[in-house]
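Only one chain is given next, in structure tokens, and it is the form predicted alone.
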């Protein structure tokens, strides 16, 4: 009797645990969010911070029970694709997202890739959040792309004005890689500088991305004696090399860029020579960061062993997607519903102190709301870390 009772009790317990586990596993549906961007090569830091930010936030959401949208709760799965900064691979990545039924994708990180995937995104009802600046991506009739950061033609004027007013800058020189993305940023920067009354003393010097000796590239630029040297669209890998070469040639003026950078890469590649380098930073500073922002940084660091300041900006894309879907769950399978609510969408900003809200902006730049509202934080590099120079916002 005791043996039969034991077996009956044990079997009942196993069935009970199995049923309970089945319920737990089936409780949350899975919502897939894609990432198509560069995670290898000279610009890898841009895409790596994207992917890691998404994976950190998704793991956090899943750990705490999932994300409630309408009457369902979802676990978030990040589906990532390295486009290697190649437009053809970016297209393949977006096609992969379409095949998996994914309607929301973060990336690509550069102009060519973001432009290349537009037809695939529009044909398959995919909303995508590029970190690329061509206005044609965000102006009508385009409507599926949402700029995930502050553009160079928005940050550039703010930086140059600060330099003019606070640092006495009068003469500016521009250097860019011989690629469409940085060349486009240089064009915008030159126009912004001239609009502010600054003298542009050099705007035609370019270099190949695989350059190892920047001395002959920078020599004529340094000879033009600018107060400010702008490294248009510079990748995190090339920035320290250019800075080092400029300083070794005797240049003592200011150096800046409108692209985000990696403090660790600057420290390893240029050391103290990078002190004073000005760049666009992540959309947070210690003064405005909430407890949730600080926890995000802690979780990211624990998950990957390091942190990239640019992820202060990259954390926002996934949050915007999920919060907008929460506002209208129909958007989960219908991009048209997502777009319809963007004009009036607002939600509390969990990463910024005060009464800041998540909302879509871009009317001034694009004539429609196709940009996430993140603070424009401009940093200066000093002794291995970034310090906040100033904070602004865009419309």
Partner chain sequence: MEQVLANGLYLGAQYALIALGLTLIFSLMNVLNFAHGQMYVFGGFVTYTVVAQLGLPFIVGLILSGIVLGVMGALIEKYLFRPVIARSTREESTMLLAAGIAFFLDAVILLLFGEKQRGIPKIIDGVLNWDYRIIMPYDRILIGVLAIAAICIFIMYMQYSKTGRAMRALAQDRVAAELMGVDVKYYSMIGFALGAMLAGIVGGLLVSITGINLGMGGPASIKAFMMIMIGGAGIISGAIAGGFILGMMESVGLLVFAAYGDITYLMIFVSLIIFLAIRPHGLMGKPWG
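Numbering follows the first chain given and starts at 1. Fair warning: this is a prediction, and the values are worked out from it, not measured in the lab.
Not pictured, yet referred to below: the form predicted in complex with its partner chain.
- For its partner chain in the predicted complex, the listed stretch (106 to 114, 318 to 326, 264 to 272, 119 to 127) containing residues with heavy atoms inside 4.5 Å is 264 to 272.
- Checking 65, 41, 348, 367 against its partner chain in the predicted complex, a heavy atom within 4.5 Å turns up for just one residue: 41.
- For the residues 301, 73, 215, 180, the 4.5 Å heavy atom test against its partner chain in the predicted complex is passed only by 215.
- By the 4.5 Å heavy atom rule, the three marked residues 187, 200 and 232 all fail to count as contacting its partner chain in the predicted complex.
- Interface residue remark: residue 220 is counted as part of the site for its partner chain in the predicted complex, having a heavy atom within 4.5 Å.
- In the predicted complex, none of the heavy atoms of residue 195 sits within 4.5 Å of a heavy atom of its partner chain.
- When its partner chain is considered in the predicted complex, residue 33 lies well away from it, no heavy atom lying within 4.5 Å.
- Contact annotation for residue 143: none of its heavy atoms lies within 4.5 Å of its partner chain in the predicted complex.
- Contacts between stretch 232 to 251 and its partner chain, counted in the predicted complex as any heavy atom lying within 4.5 Å, involve 237, 241, 244, 245, 248, 249, listed in sequence order.
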